[in-house]
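Okay, here we've got a single chain as C-alpha cells, the form predicted on its own, with questions on binding and movement later.
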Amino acid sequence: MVRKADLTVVGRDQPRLDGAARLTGRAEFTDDVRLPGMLHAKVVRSPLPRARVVNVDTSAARRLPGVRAVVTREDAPQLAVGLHQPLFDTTVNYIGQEVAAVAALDEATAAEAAALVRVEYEPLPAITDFEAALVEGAAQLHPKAPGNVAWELAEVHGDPERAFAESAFQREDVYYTNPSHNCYAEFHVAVADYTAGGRLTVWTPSQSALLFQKALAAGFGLSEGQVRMMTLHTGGGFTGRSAVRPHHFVAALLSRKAGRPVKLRAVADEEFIMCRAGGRSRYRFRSGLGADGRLKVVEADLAFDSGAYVESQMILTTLTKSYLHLLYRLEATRYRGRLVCTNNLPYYFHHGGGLAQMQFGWGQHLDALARDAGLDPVEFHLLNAVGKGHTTMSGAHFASCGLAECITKAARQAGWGRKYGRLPKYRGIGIGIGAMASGAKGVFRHDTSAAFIKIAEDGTMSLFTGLPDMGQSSHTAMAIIAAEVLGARPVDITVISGDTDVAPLDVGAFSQRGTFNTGNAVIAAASDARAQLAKVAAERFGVKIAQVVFRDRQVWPKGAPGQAIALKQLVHDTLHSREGRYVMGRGFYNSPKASGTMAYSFGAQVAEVSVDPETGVVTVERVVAAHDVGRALNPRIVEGQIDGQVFSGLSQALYEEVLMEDGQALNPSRLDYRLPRSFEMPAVEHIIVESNDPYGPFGAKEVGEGPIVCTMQAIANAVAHAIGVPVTEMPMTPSRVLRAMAERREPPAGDPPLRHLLRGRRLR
C-alpha cells in the first residue's frame, strides 16, 4: 500500500478539469446537438390511468404540412421497454403513457400534429393506491403479476424467532415515503439518428452507455456494434439515468421511419412523466435488543409502489435486503420485499438508491428502540457497529471500515454529550449512520471497467474511459489517478469519454463503482504506459526498472534526483528510439470476487434542528458529516460531494413530494415541486475519515452516494428529539409535523434517563 507521504497528486485539492467549460457555457449537452435535417418529436400521451386503446386515428396529423413521420403500435408491435411494457401498448396503464408519436420540421408543428391525433379509449377500473392493490380481490392489473405483486424477495438468516424470544426489548414501527422526482439540472432528451446504413446513433444523458447500447440493440434487433451511444456532459444522474426509457425508443423509431435524425425532449410537465423516480413505499420494521444493549435481530417487511410496469426495479429489493446486516453485528434477520403494480407512473428510486429512503424509517426505528432501553443513540451505535474484518451474513467482507471513527468524530464535533437531552424545547439533535457499496458485482455478469492512455511527444496525455461524468467530477478523479502513476499533473491529461465507438468498455457510473472500478482500471492502464517508459529510462540510467522514479513531470533513478530528466524528454526518447515506440497503455479491472463488492464506505452525520410549534416548519441549523472514503483522492471534491448529498437528503426529508391524485401528478413543475432554497441549507461541517482500503485505487472508496444514506435519518431523529414524537411519513412537511405533535398527548419533556454502557467513551 502506497504511503500518504509518497503521494504527490492524490490527496491534494485539484480544480475540476471541466470546470471552466461548464461555467462558461462551452460544455455541450444533448440538447445542444443540432444535426442536418433534424426533426423534432412530440408524444401523444394517455389522459387516463387505465383504459383499452380502441382506435388511434392519425390521418389529420399526417396531413399537416411539415409532418414527416407518425408512429403507433403498428410500427413496432414487438418493441418493449423493460420486462413488461410494450412501447405502444393496447392497454394504457398510467396517465402519460405513450400511445403515438410524431416528428416534424419544428417543435411547434410537432406539438400541433400530436394534438390532432384522435384516440378512442375504453376506460377500465384503475388502482392507484399500492396498499389497495394488495387487498385480496383487487383487480388484476397485469397477468404476470398475480395479486398485483410483480416481484417478491424473501431471505432469512439465523433463527429470528429464537432471537426475538431472547430479546429484552422489542419494537415494531411502520414508516412511509412518498413519490418524488430526481430534479436533474438537465431535462430528459434524446437525439436519434437511424439513417446511416441501418446503424443507430443516440445522444442522451446516461449513467451507462453500455446498458443503453445493449437495450437499444436488443429492441431493434441490432448487434451492439450497430448501436453507437454518445454521452456528452450530463446534468445529474442520481440513479435515474441508468436504463433506457420509452423516449429513447420513440426517437429511434421515428428516425428510422422518417429517414432523418430526430430530437425528443421533455418540456413542462412531461419531465415528471418521463422521469422514473421514487414511488410511495411502506417500511415495516421489528427489532429485538438484548439486555446488554446489543442488537440481536431485525425484521423488515417492505412494499414498494413500482407503478404500471416493472423494468429493473428488482434492484430495490436486492439492495435493501443486503443492507439489513451491513451496519450491525446481528444474530438473525428476516426480510420480505415486494414490488406492487399500480396505475401510477412506473417508478424506480430517487437519489440514495432506495437505501437512503429506507434509512429514514429504519434509523428512527432503531433510535426509538435505543431510547426504549434507556440507551444514548451514539453509544447504541458504537456498541453495535461493525468494524474492520467483519463479514456480513451474506458474505460481504470489510477489509476497511471507519464506521466507529465516523460516529465518534461526528458526535464529538457536534457536541453530542452536551446537547442530547439538554436542548431547549423544540430544538433537537439526531444521528444517522450508513454504509454504501463501491461497485455491484453480481448484479451483472461482470463489473468490468477498461481504460487506455496514450502519451504525446510533448508529455501531454489522452486518457480514454467509458465512465460518464454527470457532474460528480469523476473524470478529474481519473486524471488524478493517472497523474500519480505517471508522475504528471492532472492538467497534463485530457479525459476522453462519451462515445462507444472510441471509449473502452465500462459498465457505468452507478452503484458507486466509478472511483473504485474505473480507478483501478486507470491504474492498470497508466502502469502499463509507465512500464514502457521505465524500460527506456532504466537503460539510460543503468539501473533496474523498479528503481526508476516518476514524480512531478520528471524521471530519475531512485536516490539520485540530481540525474532527473523531464518526463516529456523521456517520452521523446522512447518514440525516437530504435524501436520507435509510441507509448500507449491499457488496463481493465473486474472484481476478483464471484459476487458482491470489494469495498464499502461508511459514514455518520449529526443534525441539529429547530421546529416552529405554531407552523410545523423544520429548520436544519447544522449538519456535521463524517465519511470514510478510504482515501480522499481530491479533498475539495469530497467535501463538494458531501455538501450535495446533505442538500439532497435534506430536500427529500423535508420538502420533495410529487402530489398524486388518481394517478395524476398535481405539481409537475419546478415552481410547485418544493426544493430547499440556498438560505434554507444548514452549515455543513466535513470530517474526512481515511481508512485506506487495500483494494481501492490508492486506498480510495466511494463518496458519490454514501453520505446521503446518513442525512435523512439524522434529520428525522433530530425532529423526533425536538417534538418528542417521530414523524413517520417522508417528507416531513409542516402539516405532518403538526399532525404528529397533535397526536402526542403532552408536550416534549426531554429524554428518558440513560444508562451509559460505555462510560469511558462518552462524548462531550
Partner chain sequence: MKRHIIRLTVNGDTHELAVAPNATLVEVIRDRLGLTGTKRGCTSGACGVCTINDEEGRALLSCLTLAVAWDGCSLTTIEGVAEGGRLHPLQQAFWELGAVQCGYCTPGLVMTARALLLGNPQADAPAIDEALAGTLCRCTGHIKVKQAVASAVARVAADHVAATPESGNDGAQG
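These numbers were taken from a predicted model, which means no experiment stands behind them. Residue numbers count along the first chain shown, from 1.
If you look for the form predicted together with its partner chain, you will not find it shown, but the lines that follow are about it.
Engineer: Establish, in the predicted complex, whether Leu23, Phe187 and Glu639 all lie within 4.5 Å of its partner chain, using non-hydrogen atoms for the distance.
Structural biologist: So, yes: the whole triplet contacts its partner chain.
Engineer: Met470 versus its partner chain, in the predicted complex: is there a non-hydrogen atom within 4.5 Å?
Structural biologist: Contact check for Met470: yes, within 4.5 Å of its partner chain in the predicted complex.
Engineer: With a 4.5 Å heavy atom cut-off, would you call Thr234 a contact of its partner chain in the predicted complex?
Structural biologist: Heavy-atom contact with its partner chain at 4.5 Å: present for Thr234.
Engineer: With a 4.5 Å heavy atom cut-off, would you call Glu729 a contact of its partner chain in the predicted complex?
Structural biologist: Heavy-atom contact with its partner chain at 4.5 Å: absent for Glu729.
Engineer: Indicate whether Ala139 is a 4.5 Å heavy atom neighbour of its partner chain in the predicted complex.
Structural biologist: It does not: once its partner chain is placed as it appears in the predicted complex, Ala139 has no heavy atom within 4.5 Å of it.
Engineer: Can you pick the one in Thr448, Asn182, Thr91, Gln547 that has a heavy atom within 4.5 Å of its partner chain in the predicted complex?
Structural biologist: Here the answer is residue option Asn182.
Engineer: Can you work out which of Ala132, Leu659, Ile565, Met681 has a heavy atom no more than 4.5 Å from its partner chain in the predicted complex?
Structural biologist: Exactly one listed residue reaches within 4.5 Å, namely Met681.
Engineer: Spot the stretch among 614 to 622, 631 to 639, 124 to 132, 158 to 166 with residues whose non-hydrogen atoms come within 4.5 Å of its partner chain in the predicted complex.
Structural biologist: Residues of 631 to 639 come within 4.5 Å of the partner.
Engineer: Across 642 to 663, which residues bring a heavy atom to within 4.5 Å of its partner chain in the predicted complex?
Structural biologist: Heavy-atom contacts to its partner chain in the predicted complex: Asp643, Gly644, Phe647, Ser648, Ser651, Glu656.
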